[in-house]
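Quick setup: one chain, the form predicted alone, written in structure tokens, and binding and motion questions come after.
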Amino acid sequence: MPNLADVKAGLRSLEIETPSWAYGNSGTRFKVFPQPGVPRNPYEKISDAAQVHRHTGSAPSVALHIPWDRVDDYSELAAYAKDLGVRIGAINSNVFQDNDYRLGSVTNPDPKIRQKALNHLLECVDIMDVTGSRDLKLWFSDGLNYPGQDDLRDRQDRLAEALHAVYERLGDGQRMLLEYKLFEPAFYATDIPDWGTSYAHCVELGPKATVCIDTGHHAPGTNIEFIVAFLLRAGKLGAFDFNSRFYADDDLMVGSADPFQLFRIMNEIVRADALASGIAFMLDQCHNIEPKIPAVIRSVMNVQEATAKALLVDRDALRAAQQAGDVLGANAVLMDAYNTDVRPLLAELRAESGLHPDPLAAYRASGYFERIVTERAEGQQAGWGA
């Protein structure tokens, strides 16, 4: 059986990055519902993120999205985050909202638009230099809606050219996380539709380029933990965008639709001894009908619980059953760990770390929400595009 001290050490090493945009108004294609107390600027987003870390102890970094989180002085923003006990994490680029990008960004047939997109990506690396960020996260909505709309091969060449230019700009200790998405907004062909396409470009680029898995960006029934295992073996798994889905890119709270899938993913991470290997465990979610800070806290707790269960897998018993061809026995080892109630263990771990055993109860009792509702009553709330 796993040593309890080792399980706790693994949980202490787990860091989950929260996204600035999760604290703003965001939601479905149908409607975005505003809520009281929503941040009006990047500083207030970081303040909210600091509350999540304060109560969970596992969320020490905040991902930014440019231009949504653009400020005049990024060094000042980084210092503000540090004062609150967190740091700036991945810098996420945005080359999908401008009207110019209707036919694509870095794969657009117009060289002027491609250059505009590339300039933005390079600007994001400049921001990384100032904030001390390690990761540049790239996601492209580029693709085609109709056969013949553009040349598929040419678009891959344009994509590779842009990625190489950004890769060459990366400094020491910086890396590129290349995300993929099966479809939407392009429906006939997406330029980076799957992990294999992302992986191929990353291999061509070099060691600073790694794949980012968004758990909502796959065809129904895709075995995501296989992708995790493959990329870990190849040394090319750089990050996750954690969320949950029923149908497509739902961006629901991680572990809410299929907690067993989250456990299976974290089981592969633990099996590879990769919890503290540099993989960026990030959330990428929209909190449209649920309160935002509690939703992020709950999401962090969901990842903690799945990780605790993965750490409780009896690896020796599992290996013995696998080598003996004991199909049911091997499956039972995994199910025993998954069915373990790890909430008391996590409560004990938090208490040992000087935290309240129940992060959500601690947040509710803090009075933070009541304070920000009053303080942020005036002004423009942040959301998509702001």
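Residue indices: 1-based, along the sequence shown. Since this is a predicted model, take the numbers as computed values, not measurements.
Just so you know, the form predicted together with a small molecule exists too; it's not on screen, but the next bit is about it.
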> Which residue among Glu305, Asp135, Asp191, Asp214 has a heavy atom within 4.5 angstroms of the small molecule in the predicted bound form?
Replying inline: Asp214
> Of Asp249, Asp258, Glu290, Asp100, which one comes within 4.5 Å of the small molecule in the predicted bound form, counting heavy atoms only?
Replying inline: Asp249
> Thinking of the small molecule in the predicted bound form, which stretch from 348 to 356, 329 to 337, 38 to 46, 60 to 68 has heavy atoms inside 4.5 Å of it?
Replying inline: 60 to 68
> Taking the shortest heavy atom distance, is Phe226 within 4.5 Å of the small molecule in the predicted bound form?
Replying inline: no
> If you check in the predicted bound form, is Glu179 within 4.5 Å of the small molecule, heavy atoms only?
Replying inline: yes
> Can Trp139 be called a contact residue for the small molecule in the predicted bound form at 4.5 Å between heavy atoms?
Replying inline: yes
> Can you check whether Asn92 is within 4.5 Å of the small molecule in the predicted bound form, heavy atom basis?
Replying inline: yes
